[in-house]
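Read the single chain below, which is given as structure tokens and is the form predicted on its own.
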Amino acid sequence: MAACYQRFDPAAYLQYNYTPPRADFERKDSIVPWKLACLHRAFNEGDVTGELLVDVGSGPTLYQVLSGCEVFNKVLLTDFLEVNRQELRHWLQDEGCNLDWTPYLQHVCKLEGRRPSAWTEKAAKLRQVITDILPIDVHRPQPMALDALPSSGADCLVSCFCLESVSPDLAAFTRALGHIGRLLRPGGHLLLIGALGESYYFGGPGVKIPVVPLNEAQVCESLKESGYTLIRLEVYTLPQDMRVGVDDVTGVFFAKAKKD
């Protein structure tokens, strides 16, 4: 799997997945607003609390922590690839990056009942609470450096489109869920977003990356096997015009779970 990612292109990946039609904030059925709404609800139900949020396999994206940064005082971003960590550092240091995150920040401000112009405050808050951008390997029993987290573990993990797209098969996906669980304190929450029915995606021009095609039942079973109690599973089905040829995904799941 590591070899598949050697030619991963953050700019192309962002263009494929995080611009319209997949990121059309005027459309109720667009995939990105659906993901942001799921995360907003999960972070605002009152049970996901604590000090430290870890984003597992951030890729070159930030949307997954835009709601969480209002709940947690510390946010750690992580990724296996240095090119993705570099992309995130560019945003963090306000040096310009390959996607303008302003519409995302504005949309989440609206979800929070704030005026869209509050996006600058949200961006400042996010830069303040992101304490580091670190390497991770979800296939190692200890995915991060031992001193990366407090000994008690993180209070919450969020992970979006990571595990199924870096695992060669379902067994490896399930093992990876168990590995990242070791980063989480008992009773801590996992917010997991992933692809359903996807066998590949393009990580750049001509860079075809294999994915474990999952269904809802497999997601539920893998979570249970890996020591989580499922609180809620939501499913989004891609409209035909969202199937833009950069992958063969048919749907997306959102799971809110708690570590046993």
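Heads up: residue numbers just count along the shown sequence, starting at 1. Everything numeric in this text was worked out from a predicted model, so none of it was measured.
Same protein, other form: the form predicted in complex with a small molecule, not shown, and the subject of what follows.
- The partner is absent here, but in the predicted complex a heavy atom of 137, alone among 137, 112, 132, 121, sits within 4.5 Å of the small molecule.
- Site annotation in the predicted complex: the residue of 173, 91, 80, 104 reaching within 4.5 Å of the small molecule with a heavy atom is 80.
- Of the heavy atoms in residue 162, some are within 4.5 Å of the small molecule in the predicted complex.
- For the chain shown alone, residue 61 is a contact residue for the small molecule in the predicted complex, at least one non-hydrogen atom being within 4.5 angstroms.
- Residue contact with the small molecule in the predicted complex: residue 18 places a heavy atom within 4.5 Å of it.
- None of the heavy atoms of residue 126 is located within 4.5 Å of the small molecule in the predicted complex.
- Of the candidate stretches 113 to 121, 181 to 189, 154 to 162, 68 to 76, only 154 to 162 contains residues with a heavy atom within 4.5 Å of the small molecule in the predicted complex.
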